[in-house]
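Just the one chain here, laid out as structure tokens, in the form predicted alone.
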Amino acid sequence: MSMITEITLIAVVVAVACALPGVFLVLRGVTMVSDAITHTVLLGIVLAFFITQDLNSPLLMIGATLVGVATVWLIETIQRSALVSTDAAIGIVFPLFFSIAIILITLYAGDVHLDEDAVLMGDLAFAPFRRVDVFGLDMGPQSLWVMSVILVMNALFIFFFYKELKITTFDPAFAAALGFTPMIIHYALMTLVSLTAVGAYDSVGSILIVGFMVGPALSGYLLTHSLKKMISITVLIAVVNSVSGVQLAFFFDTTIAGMIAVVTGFTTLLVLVFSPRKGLYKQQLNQKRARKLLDKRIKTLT
């Protein structure tokens, strides 16, 4: 298998793994929380590294996931005080945790592969060089295996808790009346978001994780009113964006993660403008038709 093929596979798996929970982040209106999580989990990685002194320890993923959940809890606690809005709460927690992590890296882990550039942009081009070796057999890139497991976990969670996710997303009060516990589903979803962000961190960086979680899901939302169709469209767009981004990055000899992010943003803007259901162009046509109809009614009355 060529390196380009492996990079493409990693990008596709990461994109789909991020896009699945991203569907519900978009529908719940908490996409900016995903941005906060993808940055603040770095604090968990740093703290766990200080304990284990091993970048390959599974405790790094556990620590980062816990910090991601703590980020959500703290944001919601501040927001429930009614003193500040959700955006303001994110603006307080996100820079605080991320800045602490950067300071700790600068002071105590300057010679460790935890630099700020890797955090923001990742190093997808180098992901195939970190291999899984079992009894002397090369099993492929480590990040591909890690993200494949996380992808399966996200897919199984949505499959088995589809009804709970749907009802708590669209009508939490009704869900509570039926005996569901929206808060448990919410924090389970946020735990998966944190886990996905940690798994994808080393490969694509925090910027592309946010793009993967928001861009394809937003496009799916603009193209359909059906949740099942939205999930399918989201996955398809995530795959297309990843494959196109990798190919264009090699063609122009530029950063892979950056090019995928550009492609993701470009396709999202295209859907935003030209979506046949909710696009800006469609809205403009509807407004013109409404004005013409109103003018006709005014003329008939006069």
Partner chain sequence: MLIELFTILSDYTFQLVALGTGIIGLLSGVIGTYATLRKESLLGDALSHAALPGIGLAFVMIQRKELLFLMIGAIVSGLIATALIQLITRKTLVKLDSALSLVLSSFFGLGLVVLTAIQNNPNAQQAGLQSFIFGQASAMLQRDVQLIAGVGVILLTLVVLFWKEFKCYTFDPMFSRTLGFSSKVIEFILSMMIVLTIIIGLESVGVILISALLIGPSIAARQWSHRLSRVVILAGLTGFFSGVIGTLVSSMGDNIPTGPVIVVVVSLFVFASLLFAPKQGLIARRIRKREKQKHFLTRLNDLKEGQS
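Positions refer to the first chain, counted from 1. A quick note: this is a predicted structure, and the numbers were derived from the prediction, not measured.
Omitted from view is the form predicted together with the partner chain, to which the following refers.
Stretch 26-34 is the answer when you ask which of 60-68, 231-239, 45-53, 26-34 has residues with heavy atoms within 4.5 Å of the partner chain in the model of the complex. Checked against the partner chain in the model of the complex, the residues 184, 177, 156, 88 give one hit for a heavy atom within 4.5 Å, which is 88.
Checking 165, 198, 214, 192 for any heavy atom within 4.5 Å of the partner chain in the model of the complex turns up a single hit: 214. Annotated contacts: 3, 7 and 223 are all free of the partner chain in the model of the complex [non-hydrogen atom within 4.5 angstroms]. Though the partner is left out of this view, residue 150 does not reach within 4.5 Å of the partner chain in the model of the complex, counting heavy atoms only.
Contact check for residue 92: a non-hydrogen atom falls within 4.5 Å of the partner chain in the model of the complex. Although the partner is absent from this view, residue 96 contacts the partner chain in the model of the complex, with a non-hydrogen atom inside 4.5 angstroms. Though the partner is left out of this view, residue 276 does not reach within 4.5 Å of the partner chain in the model of the complex, counting heavy atoms only.
Taking the partner chain as it sits in the model of the complex, the stretch 197-211 comes within 4.5 angstroms of it through a non-hydrogen atom at 207, 208, 210, 211.
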